[in-house]
Every structure is written in structure tokens, then in C-alpha cells.
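To begin, one chain is listed below as C-alpha cells, in the form predicted on its own.
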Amino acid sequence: MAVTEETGTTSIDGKPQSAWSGLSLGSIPTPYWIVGAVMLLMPALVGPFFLFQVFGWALILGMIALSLMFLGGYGGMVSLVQMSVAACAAYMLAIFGDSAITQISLGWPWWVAIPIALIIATGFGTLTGALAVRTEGIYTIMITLAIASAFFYFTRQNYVLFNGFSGFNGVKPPQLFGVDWRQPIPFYYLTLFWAAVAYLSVLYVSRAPFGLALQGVRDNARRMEALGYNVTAHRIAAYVFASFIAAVAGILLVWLNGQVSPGTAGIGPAIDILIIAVVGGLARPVGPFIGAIIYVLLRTFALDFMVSMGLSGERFQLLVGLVFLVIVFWSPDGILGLWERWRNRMNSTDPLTGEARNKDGGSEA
């Protein structure tokens, strides 16, 4: 396989292939169509609470975790600053747009405030990446965690710009086309749309020349550098792309909560994003969304479950942690890893007799 940067195609056996090669409508597996149809029909299946507080929240967290998955899965760079990037976008929207803190918020129109928020947050993530790409492994995790921690304490202690511990409230999405986008159904479709855009973007980039080169850098940076690729530039560009996805999710997050505070960018939420990505699986872009829905369901119902069992509801985090520990213990590559092993096992044995199948699909004698 060869990569052609000028044309944006890959060459396999001498035949040019686009980044969307193999992604025609007919090649999409049936389960994907079923999941897509269910997601589109979800407002008819569940109530406003699930649409807004469960699926809306899960899609947003899935986008932030997706940005981490892109860096970790395709670039080999585990970044703990992605939640801080999302919080930065949320803060910038509250500062440049409208909020209840009128003495700080500038009240600029949404079509000015949103691009500025995205640019600043993406720039923050890019600057972090420029510092982090010169490290590897545990040192990358440490430096991004240190930056996330610094951002948290800075927002909590700064009252002139970030309003300190209280943060901003009353941050609402604009009413475009006569639609109140903070209502459960409109907001659900808004988050679903951007989550789908983020997912397809990562899928496209991973198969584009840049994505293939990034995966080559992940596997053998020295070899890629010897082939003429700028390793540092590719890694920083990956942070730019991932930071933009996290920034978009940050805009949706502040609209979901109606407020942003230092707790949004805390160390706990930063670690939660890593847990979501790892539990879902870092191998595929759909993994973060699987991890996010599991995480949100646990956070939403774990407390009630423990109270119903006669246990202290204050320890609901213990149940959440135990579930994640069990998943990671049995499958280091997350839920997707469990699914892959189960599918391979079913394909290798006859479901009726339990006998091992041969390569032609029949049972071995």
C-alpha cells in the first residue's frame, strides 16, 4: 500500500483508492442500518428525560471521548486534556455570548461567539499538543493531565474572566428557525447530527492519506521520518482535528447543562473521558459512544439501585467503578473486544453441534 498526499488517495496493488473506498451504501452492514433507524426513531420510543439527560449527554461525552480515541487509537497519544478543551469552548461561548452573568458576558451574537469559542478552544488543544507530542507514553499522559489540572485551578481562582467557583449560568442555545433547541427532541436531534458528523469525520480521516500516515507514525515513527514524513507536524495536526471535535462537544455540553463551572473541567471528568474511551474500545470510532452510554446509564441509575438494595446512595461511584473494573479486567480492549471475541468464537464453531468449523464453513470431522 502506498499513500499519495497530492491526490488524497491510497494506492493498493497499483489501483488508486479514495478515503471512502469500501464505504458505499451497499457495503454498510445491516446492524448499522438498524442502529441508525433506532436512533432516528428514539423520540417515539422514550420520554423527554431519556432523550435529554441520557442520550443527549451520552452523545456529547461520546464525542469528547471520540477525540481522545482518535489521538490514542490512531496516533498512539493518550491525552487527558480533551475535557478541558471542551470546557474551554463552553467558557468562551459564555464569555463572548449571552449568560446570566451580564457583567462579564459580552453578549455578542451566536454567529460570532460560536466560531470564536471553537477557534480559541481548538487553539488551546493545539498548543497542548505541541507540548505533548515531544513526549511519549506515560509522559504524554502526565503532561496533558498537568495542563488539565492547571486549567481547572485557573478557572476556579480567576473571577475577572471566568467568574471563579460559580462559573456561568443561563447559557442557552439560539432559537433558530423558530425552534427552541434546548427542548428534549430538538436538542436530541442536534446532538445526534453532530455526533454523526464527528463519527463520519474520524472514519474518513482514518482512511485518508493523513490518517494512514498518522497510523504509520504510531507504529514506527522513525521509519516514517526516514520516508520523509514530518512526524511532529502529523501529531500536532492530529491534536488540531481532535480538539475541534472536543470543542464542538463543549458547545453542546454548555447548552445541555445551561451552565459551565470549574467542575466541568475537573480532574474527575478528565479521567472519566479516558474511562469511557477505554471501556468502549480504542480500536474503532464507535467504541467511545458505547462507553458513553454505559457510563451515563450507570451515573444516572446507580444511586437509585444502591438505595433500593439498602446500601448508602453516597457510594454510587463505587458501583460505577466496579463495573468498569470488571469490563476492563475481562477485556483490555473494552466492549468491542468482548464482541469481537464472541463473534470469532461463534464463527469458529457450529452453533448447533458445538463442533469446530473448517475454513469452508463445514464442521471438522
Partner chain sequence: MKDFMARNPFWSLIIVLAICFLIWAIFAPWPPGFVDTFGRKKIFLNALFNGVTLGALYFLVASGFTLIFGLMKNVNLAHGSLYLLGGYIGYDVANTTGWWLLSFVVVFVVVGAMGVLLQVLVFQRMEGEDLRQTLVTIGISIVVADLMLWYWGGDFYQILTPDWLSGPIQLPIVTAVKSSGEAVFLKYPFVRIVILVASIVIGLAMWLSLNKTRVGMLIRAGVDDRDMLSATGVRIQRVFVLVFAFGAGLAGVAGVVGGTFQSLAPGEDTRFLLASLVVVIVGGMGSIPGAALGALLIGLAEQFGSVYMPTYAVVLTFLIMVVVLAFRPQGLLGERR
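C-alpha atoms forming the largest set that superposes within 1.5 Å between two forms make up the rigid core. Residue numbers count along the first chain shown, from 1. All values derive from a computational prediction rather than experimental measurement.
Below: the form predicted in complex with the partner chain, not depicted.
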The partner chain in the model of the complex: contacted by all of F154, V278 and L318, heavy atom 4.5 Å: yes
Using a 4.5 Å heavy atom cut-off, which of 292-300, 326-334, 31-39, 55-63 contacts the partner chain in the model of the complex? 326-334
Only hit among I95, V205, I251, L274 for heavy atom within 4.5 Å of the partner chain in the model of the complex is L274
Which one, A113, V217, A195, L282, lies within 4.5 Å of the partner chain in the model of the complex by heavy atoms? L282
Quick one: is N230 in contact with the partner chain in the model of the complex, heavy atoms, 4.5 Å cut-off? no
Can M309 be called a contact residue for the partner chain in the model of the complex at 4.5 Å between heavy atoms? no
Is L322 near the partner chain? Define near as a heavy atom within 4.5 Å, in the model of the complex. yes
Should A100 be classed as touching the partner chain in the model of the complex when contacts are defined as heavy atoms within 4.5 Å? no
What residues, if any, in 78-93 have a non-hydrogen atom within 4.5 angstroms of the partner chain in the model of the complex? V78
Determine, after fitting the two forms on their core, whether V326 shows a C-alpha shift of 2 Å or more between the shown form and the other one. yes
